[in-house]
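To begin, one chain is listed below as structure tokens, in the form predicted alone.
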Amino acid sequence: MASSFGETDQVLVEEKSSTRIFTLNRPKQLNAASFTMVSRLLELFLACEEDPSVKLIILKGKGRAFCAGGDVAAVVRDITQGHWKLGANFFRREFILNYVMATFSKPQVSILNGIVMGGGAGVSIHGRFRVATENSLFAMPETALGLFPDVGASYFLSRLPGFFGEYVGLIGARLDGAEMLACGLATHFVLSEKLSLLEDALCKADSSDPAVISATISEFSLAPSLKEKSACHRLNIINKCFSRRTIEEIILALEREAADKEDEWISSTIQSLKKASPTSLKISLRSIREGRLQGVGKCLVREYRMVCNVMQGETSKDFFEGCRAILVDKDKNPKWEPSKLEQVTEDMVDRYFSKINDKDWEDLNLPRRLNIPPHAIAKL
């Protein structure tokens, strides 16, 4: 028998035999992850892990978004009204949820039928199965906000083919469902009209065996064609340019390519890099590069240090300016400071990766995890 909580709840819960279906329920805010939503999800996941009757979790969003990201406007409001540590509370809870999902002992199927950005990637990409549709739209747009790809993105972006993760993370590239499948962000592609049938089949399967769940999803899956102008066709040039050591060298490599031939894709890629926060670009590149050699836990601990330094605003206040320009005033004309890449020194970048100089501050303390499944052990 199915049961659900009231419409006012930010996460709706349904019980169908051994399956729990969680629906993110802030459709007017494109299911932006608030502190309340993140806290509720963490509570639900931990409870399901302890409950032997639960075999599978399905996570989806209400309306046209899965989840458009963390509610950073609320975080900035909290910081400006009080102290940056109020914002740190949100990110601490969010990153712990990401870690629990990455090491979860039972399969999670995320139905990505709509917008999946920022924090929305954090609550889905770490899970075992990610189902894209023709409505999926993925992006990590943080460098345009004066932030950096967080929620463990330095782990999952750095594991995309070649240097595709650097491309996606630095320019905030938008990917559709076919591209998500092609690069590995999604594990399956199912047409949206078949999602309710898929959900029913997963509930009827009554299994926590990943092979059974994968086979069940595959019954409804298809192999979509990439669009002619897809960035997935550009892996050679992406690898050639985005493998460079610095942001300046990446832009120079792209400009050399542009000089050889007129190419709209190269031009728009260069423009995206030049419009982003110079500080964000430099810390994002270093973060993704470090992520290539670290497990998901270490990535989250490092990203928590970074986000606390961003919110403290001692090296740069670009996060507040980006939120003002993109989310509050919406003039889309942020005034970055420093405004040029060459003004962002190595010493400034180093500060974002250092512990906060505050006696009350602590590094992210990740919970001890038991019964970690084999596929998740590889992430550590």
Partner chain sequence: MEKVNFRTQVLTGHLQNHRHATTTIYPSPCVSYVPPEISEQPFSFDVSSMRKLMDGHNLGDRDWLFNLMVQSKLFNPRLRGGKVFVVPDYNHSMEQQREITMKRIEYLLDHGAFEGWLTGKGPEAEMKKFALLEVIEIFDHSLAIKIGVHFFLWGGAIQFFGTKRHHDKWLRATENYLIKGCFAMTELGHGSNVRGIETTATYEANTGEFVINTPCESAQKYWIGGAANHATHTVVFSQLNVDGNNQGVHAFITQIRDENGNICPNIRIADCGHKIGLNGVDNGRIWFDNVRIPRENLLNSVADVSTDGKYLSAIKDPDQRFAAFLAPLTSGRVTIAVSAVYSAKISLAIAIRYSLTRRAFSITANGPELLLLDYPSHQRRLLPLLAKTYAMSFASNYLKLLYIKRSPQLIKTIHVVSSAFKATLTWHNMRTLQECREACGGQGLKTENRIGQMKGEYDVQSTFEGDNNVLMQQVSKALLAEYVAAKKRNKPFKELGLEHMNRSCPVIPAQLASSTLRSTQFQNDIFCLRERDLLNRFAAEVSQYQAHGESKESAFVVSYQVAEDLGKAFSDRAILQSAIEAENNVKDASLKNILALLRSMYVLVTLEEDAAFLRYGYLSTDNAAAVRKEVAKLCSEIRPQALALVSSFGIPDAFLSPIAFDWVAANSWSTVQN
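Positions refer to the first chain, counted from 1. Quantities reported herein were computed from a predicted structural model and do not represent experimental measurements.
There is another form of the same protein, the form predicted together with the partner chain; it is not shown, and what comes next is about it.
- Taken together, the three residues Arg20, Ala139 and Ala144 all stay farther than 4.5 Å from the partner chain in the predicted complex, as judged by their closest heavy atom.
- Remark: of stretches 99 to 107, 260 to 268, 117 to 125, 222 to 230, the one touching the partner chain in the predicted complex is 99 to 107 (heavy atom within 4.5 Å).
- The partner chain in the predicted complex comes within 4.5 Å of a heavy atom belonging to Ile372.
- By the criterion of a heavy atom within 4.5 Å, Glu50 is counted among the residues contacting the partner chain in the predicted complex.
- In the predicted complex, at least one heavy atom of Ser208 sits within 4.5 Å of a heavy atom of the partner chain.
- The partner chain in the predicted complex is approached by Gly162, whose closest heavy atom lies within 4.5 angstroms of it.
- This chain is drawn without the partner chain; in the predicted complex, the residue among Arg234, Arg244, Arg92, His188 with a heavy atom within 4.5 Å of it is Arg244.
- For the options Asn309, Ser158, Ser272, Asn135, the residue carrying a heavy atom within 4.5 angstroms of the partner chain in the predicted complex is Ser158.
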